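Take a look at this single chain in structure tokens; it is the form predicted on its own.
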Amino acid sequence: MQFNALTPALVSAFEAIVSPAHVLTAATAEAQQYEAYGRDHTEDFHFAPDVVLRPAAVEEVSAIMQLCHQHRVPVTARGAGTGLSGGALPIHNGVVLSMERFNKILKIDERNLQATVEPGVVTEAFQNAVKEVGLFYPPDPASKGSCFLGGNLSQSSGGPKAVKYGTTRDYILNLQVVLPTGEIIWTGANTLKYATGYNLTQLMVGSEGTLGIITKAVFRLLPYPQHNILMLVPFRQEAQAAEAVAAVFRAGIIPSGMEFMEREAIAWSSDYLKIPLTLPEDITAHLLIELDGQDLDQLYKEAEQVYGVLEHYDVGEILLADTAGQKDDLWKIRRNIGNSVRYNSVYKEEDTVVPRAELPTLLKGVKEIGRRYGFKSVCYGHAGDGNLHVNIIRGELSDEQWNVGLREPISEIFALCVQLGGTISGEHGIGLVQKPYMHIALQEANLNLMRGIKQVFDPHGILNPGKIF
């Protein structure tokens, strides 16, 4: 795909749309601020945009897209920049369209358990706002304190509570979208059922900013669960920790969180946060198990059932968090594993997912592949839904090993996922870094259908080019 360079006339046109204060270039912006728009949390990549635009109204986004479509200028939409697949990196330069000023919660509809929000709202801020009126928005990615809802929609983000409540995809009812041509559409209706033609809402969710720019979203909500129980379970064999996950579900329990952390993951994170945590030498992995609901007595009964399941495994002393502070600390440790790994080393994070009962086989396979190819991995993730984050640590690997030598072992890890009935990304998306592996998960017929959809939405290929395919 051929794109045109940005011209001074086009920059002037952008200034007329959003005002000069919200048009940033390398010549006009503070260097560190401008550089940040070319990065996300994917390894150490950086791609400099030609210009950063910060619109605040759907009409401004529409006018920008019309100009870029007309002049064949690439556009990369950006949220908070917390992505891990390179999805918001402007690899063809051009325009970065930052949605940071779309930061309003427009309406919380308590009667219908819905909320209408803009894509630049921070996920945790949205959760807190609906909680104040007794409502619950479950998707909670690890970066919920900084990531934007628009980015969550782009990747169909999940998080620990996905095991019981589902991912972002399960809570979206309707979207306002600006198409690459500048047209503004609503994708569906604010209803729980929708059988009126193709479901464009679900097509947009997880499309990684390649089909349109989301400017409003209508989410469904739930009543807020009033009680929860949290336990940290140490295992002497990490394979048993993985095996226990499916056993808990077979016992009829559906936890609201079921997180796996191998020893190094939890140790690095507790050290990074300066939260003291005793780790006996014989412990190799932990499960963090949360139960939630409206009836505390029922939760204690379920906890007893979980204890009954765990008796069949070689576990250490189980920690039952008995204060809100202790619960917060345990969740902080889990949510900051990625940050702690990043603090220790550049890394590649593979977002593998398999049916939950296959998790022990996947974990064993990852470690065996690492031994054969000579790399270290730190593994953790949402064990309850079979989603294992495999962090390959750069450490002392050479540039050649890091940039080329890891392709084959990563391919083997993904092939194992597919063999086990899984796929190559559960919640981080494909973006830039996983696109070379798409053929492992999908047939060419699948990919051609996706390319065809992209062509219909974006005939000039200007929207987030170079991603997914």
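Sequential numbering from 1, following the sequence displayed. Fair warning: this is a prediction, and the values are worked out from it, not measured in the lab.
Quick note: we don't show the form predicted in complex with a further copy of the same chain, though the next part is all about it.
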Among 22-30, 416-424, 37-45, 54-62, the stretch whose residues bring a heavy atom within 4.5 Å of a further copy of the same chain in the model of the complex is 416-424
### Query
Is the gap between Asn403 and a further copy of the same chain in the model of the complex 4.5 Å or less for some heavy atom pair?
no
Could you confirm whether Asn446 comes within 4.5 Å of a further copy of the same chain in the model of the complex, counting heavy atoms only?
yes
Contact flag, Lys301 vs a further copy of the same chain in the model of the complex, heavy atom cut 4.5 Å:
yes
message = Considering non-hydrogen atoms and a 4.5 Å limit, does a further copy of the same chain approach His460 in the model of the complex?
response = no
- Message: Contact check in the model of the complex: Leu67, Val95 and Glu349 versus a further copy of the same chain, with a cutoff of 4.5 Å between any heavy atoms. Do all three pass?
- Response: no
From Gln240, Ser340, Gln202, Thr116: within 4.5 Å of a further copy of the same chain in the model of the complex by heavy atoms is Gln202
The one option of Asp282, Glu124, Glu183, Glu368 with any heavy atom within 4.5 Å of a further copy of the same chain in the model of the complex is Glu183
Near a further copy of the same chain in the model of the complex, with a heavy atom at 4.5 Å or closer, the residues from 188-208 are Ala189, Asn190, Thr191, Leu192, Lys193, Tyr194, Ala195, Thr196, Gly197, Tyr198, Asn199, Leu200, Gln202, Leu203, Gly206, Ser207, Glu208
